[in-house]
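Next up: a single chain in structure tokens, the form predicted alone.
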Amino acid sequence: MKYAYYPGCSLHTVNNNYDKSCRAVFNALNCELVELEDWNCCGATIYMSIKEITALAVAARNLALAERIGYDIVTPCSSCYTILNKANKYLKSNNEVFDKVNLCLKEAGLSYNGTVRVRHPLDILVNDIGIEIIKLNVKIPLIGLRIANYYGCQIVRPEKGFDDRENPMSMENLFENIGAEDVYFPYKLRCCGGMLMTTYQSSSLNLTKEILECAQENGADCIATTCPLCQMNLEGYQNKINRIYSTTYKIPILFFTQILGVALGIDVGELGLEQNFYKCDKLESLYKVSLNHQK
């Protein structure tokens, strides 16, 4: 299997541990990610509300690059995933928009015919590669690891995609099948506040605190996330939340690909785990015990 890989801006900068772990996991499962040459920013959420056709053309350029090499596009970032899917839908459903965007692409020597699907790595791992194949490749069963699986508000909404919009279960099914335990976590679709952290921080901090609180109350060893912005808000603001709310959170916030990577026996350096602020003791213990058994 081969896919066009679109990392997006954050995975090449602040969240390159997500990029590392995603590439390492797919490589371990013999699934090739071909990074798009000369990809550009998806335009993100805000641009779409200011200049729609320009924003759609910015996103569509990446779709056109993927179409040119003949693969579906996979992107780990929840925002990129949403924007590229939105652009794809608008182009396929509105002939006027389709023509205007293709006029823009023509100036760059490109065109887009609407043949590319936008995929998330979680979708590909669970539905293309399959949990049974992943189980056969597990080197370190995640026995005893209690995970709060957090999807955030973007990858399964607004329309039905690869999982249920109200109660997604892809991560629970994946991790339970390789030994982990999912904790009761009714906040798995709650918004973390997203970019509100830069404008209405008090509101965002409260939303983030509620997610951390739910995970801690239900005994999670870590929160698994699919989104770089959620990861940053949940991890990077714990000290500030502790100061404001007199709490003591030190909850590890891991990308789901980092957890899966440990189970597949990938070196933790390749997964970027040293870049996380809070170490997950249980996950590190499983990894160290496995190393000792190999000596």
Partner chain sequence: MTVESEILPGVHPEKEVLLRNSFLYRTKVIPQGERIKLCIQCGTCTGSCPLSYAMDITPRKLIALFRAGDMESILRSKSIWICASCYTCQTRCPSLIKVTDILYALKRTAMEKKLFNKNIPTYALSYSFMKCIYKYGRLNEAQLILRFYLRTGLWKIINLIPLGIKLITKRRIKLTSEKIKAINDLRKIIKKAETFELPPEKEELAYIPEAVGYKAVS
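Bear in mind that the values here come from a model prediction, so they are computed numbers and not experimental data. Residue numbers count along the first chain shown, from 1.
Here the subject shifts to the form predicted in complex with its partner chain, a form of this protein not shown in this document.
Within 4.5 Å of any heavy atom of its partner chain in the predicted complex lies no heavy atom of Ser21. Residue contact check for Gly193: one or more of its heavy atoms lie within 4.5 Å of its partner chain in the predicted complex. Of the heavy atoms in Ile241, none are within 4.5 Å of its partner chain in the predicted complex. The closest heavy atom approach of Leu207 to its partner chain in the predicted complex falls within 4.5 Å. Contact with its partner chain in the predicted complex, defined as a heavy atom within 4.5 Å, is made by none of Asp128, Ile133 and Ile251. Counting a residue when any of its non-hydrogen atoms is within 4.5 Å of its partner chain in the predicted complex, the hits in 157-185 run Arg157, Pro158, Glu159, Arg165, Glu166.
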